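One chain is shown next in structure tokens, namely the form predicted alone.
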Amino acid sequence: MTIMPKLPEKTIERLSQYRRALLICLGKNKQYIFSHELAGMLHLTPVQVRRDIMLIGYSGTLRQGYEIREMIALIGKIIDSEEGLKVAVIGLGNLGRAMISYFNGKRTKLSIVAAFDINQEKVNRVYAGVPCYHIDMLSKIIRSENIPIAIMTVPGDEAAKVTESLVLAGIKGILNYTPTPVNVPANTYLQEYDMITSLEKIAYFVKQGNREEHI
């Protein structure tokens, strides 16, 4: 059995995007797709798409392109865990609740199974099928439920303390949606998403576009 080398982070991100686009195509009864079609759907170059697909050891045909079902299955083998992985949401404000509602059911191999908050009015309630526990129960529930991934949507000034608690509880992957950067040990994977930075990036390019219109 050939062991695939560790793929770059950006490649993994694009593979997830490819699968989402391929599932849309499959839903329209499309069976094959060319690299330029997939690239067009995701605003990428065909060269980038072909490079990523070559990295995962898949090839299509000149006449038909890539077989969609085969590609979806292969990407699943690369990204997904066979037994599935459990996820916890830390912080049940508007964003945390929206994450639970949107995420559940989107990926069969990832499931949000627990939420945590400090607000007693939110504790011991169920949101979209997900029970909410007091933050004091974090370590106990994460260990008993064998949860390896956490989505953090707490206030920024709580981010460092919550991150430390998550690492001590055994969490191996954290998606940080707070505006505060955090530090984790080398054996914990961290992905940070700052909505303000993303909006400022968009605003910059909008400003540049407006400037060009007036030249």
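In this text, residue numbers run from 1 along the sequence as written. From a predicted model like this one, the values you see are computed outputs, not experimental measurements.
A second form of this protein, the form predicted together with the DNA, is not displayed here; the remarks below concern that form.
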Taking 4.5 angstroms as the cut-off for heavy atoms, does residue 183 touch the DNA in the predicted complex? no
Find out whether any non-hydrogen atom of residue 51 is located within 4.5 angstroms of the DNA in the predicted complex, and reply yes or no. yes
I'd like to know if residue 9 sits close to the DNA in the predicted complex, meaning any non-hydrogen atom pair within 4.5 angstroms. yes
Classify residue 42 as contacting or not contacting the DNA in the predicted complex by the rule of any non-hydrogen atom within 4.5 angstroms, answering yes or no. no
For the DNA in the predicted complex, the stretch among 144-152, 185-193, 163-171, 63-71 with residues bearing a heavy atom within 4.5 Å is 63-71
